[in-house]
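Taken one at a time, structure 1 and structure 2 that follow are two forms of one protein chain, written as structure tokens.
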Structure 1
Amino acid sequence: MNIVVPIKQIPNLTDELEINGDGTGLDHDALQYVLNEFDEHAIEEAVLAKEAAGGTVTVIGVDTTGELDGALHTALAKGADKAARITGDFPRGTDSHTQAKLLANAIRSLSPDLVLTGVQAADDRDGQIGPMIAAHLGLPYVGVVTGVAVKDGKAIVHKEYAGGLMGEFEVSLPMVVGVQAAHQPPRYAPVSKVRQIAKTAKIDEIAGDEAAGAGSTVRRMFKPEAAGHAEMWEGGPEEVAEKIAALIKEKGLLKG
């Protein structure tokens, strides 16, 4: 079974995010990039599926940061068998539509049985990559998945709905899955193993072809502005209740 996992690097959201001089996006030169958390779950689910049913796992990404090799080496250390990088003159912060088209064109040449991608990326939260890859490839898509089992050319996927409800779908392969959480927490890849793999691993290069953009642009981006502050009242219940009543009266919210 041929399993492909598209991955994406995102800004480290624990860092202070700065807006660029034009005010149209983040200052990417000041950012550190990490592997998207949901893609880590997709890698784990792919490796689990390989261990259960056999096959190979190929991890692929669009190199918009010049730092994708580190994420690919980490994926190989976690159990992936092959890695590929889509190359081209791509700006940092390339939109989801463009990345999905580039990924789909590259994945098509790999003839996958199963494509597992993170259900969304933590930097945009739009959840578009998986469905758009499926649309470009003409394959069925199921998202918000928390488990995949493959048998006899079909995949049994468990999809989570609001309120904790779970649905089970049987889908003929090939298909695309948006993974929200793997069967188990993503396995840890020791830094020593990642460094060892980096010395010997072969990363295939795929030239990115022309891709359609999102059709929209960001005109201006702003940081949130502080609009006020909270005032904490101390005292017993009766004292605080009197203060609340006085404030409501002051604001003119009492009638009669």
Structure 2
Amino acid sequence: MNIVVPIKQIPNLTDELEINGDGTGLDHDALQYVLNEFDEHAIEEAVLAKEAAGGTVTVIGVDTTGELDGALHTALAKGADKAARITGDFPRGTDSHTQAKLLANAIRSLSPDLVLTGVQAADDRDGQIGPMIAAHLGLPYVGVVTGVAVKDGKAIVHKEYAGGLMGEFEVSLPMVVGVQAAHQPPRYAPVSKVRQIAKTAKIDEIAGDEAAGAGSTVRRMFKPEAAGHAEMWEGGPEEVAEKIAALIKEKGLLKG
């Protein structure tokens, strides 16, 4: 089975996100980029599917940071077999429509049975890449999926609705899946292994064509002006515990 995992690097959300000078985007140069957390799950699910049914896993991304190789090497260390980088003039923060088009063009020539993407990324202002890749390739798509099992040219996927309710679907391959969570938490790749792979791994280079464009223009980017903000309690754990306990008592919620 030929499994392809398109990945996307996004700003590290634990960093302070600064808005650029003209107020229409992030100050990307000031940010550290990491792999979208749902892509970590897509990679894990791909490796699990390969382990269960055999095949190869190819991880592919648009190099918007100049640092994509790090993410690709990590994926290889986790069990992916091949890696590919789409190159071109695609800066940090390249929109989803452009990345999806570039990825779809590259993935088409790989003739995948299964394409596993992360269900969403924190910077998908113009939409998630999974359904877009599926539309470009003319393949069926199911997202918000927490489990994929492949058998006899078909995939059984579990899609999450609210409250723990799930829909089970049977899909004839090839298909594109938006992975919400893998069957098990993403495995850890030891740094030593990633370093070793970085020395020997071959990463295919694919020249990207033009940017598709988001089709919409950001006029203003800003931090939300919260309708309210928590009243902050100063002090260490003892003082804060004291305040919380007092409030619980005041609300009559202390047992006994």
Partner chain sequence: MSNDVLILAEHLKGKVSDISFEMTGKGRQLAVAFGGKAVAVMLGSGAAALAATLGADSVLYVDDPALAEFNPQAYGRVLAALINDRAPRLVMVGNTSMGMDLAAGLSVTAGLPLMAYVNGLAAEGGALAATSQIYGGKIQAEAVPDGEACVVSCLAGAFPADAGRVGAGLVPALEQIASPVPLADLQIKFVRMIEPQSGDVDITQQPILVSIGRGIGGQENIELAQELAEALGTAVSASRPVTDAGWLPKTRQVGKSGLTVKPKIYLAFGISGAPEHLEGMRGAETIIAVNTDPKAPIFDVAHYGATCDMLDLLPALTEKIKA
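Please note that residue numbering is based on structure 1, beginning with 1 at the start of its sequence. The term rigid core refers to the maximal set of C-alpha atoms that superpose within 1.5 Å between the two forms. Given the structure is predicted, the values throughout are model-derived calculations rather than measurements.
Peer 1: The same chain appears twice here, once per structure, so which copy is the form predicted in complex with its partner chain?
Peer 2: Structure 2 is the one predicted in complex with its partner chain.
Peer 1: Take the rigid core as the frame of reference and indicate whether the C-alpha of D15 shifts by 2 Å or more between structures 1 and 2.
Peer 2: False for D15: its C-alpha shift is below 2 Å.
Peer 1: Report, to one decimal in Å, how far the Cα of M232 moves between structures 1 and 2 once the rigid core is superposed.
Peer 2: Taking the core as reference, the C-alpha of M232 is shifted 8.5 Å.
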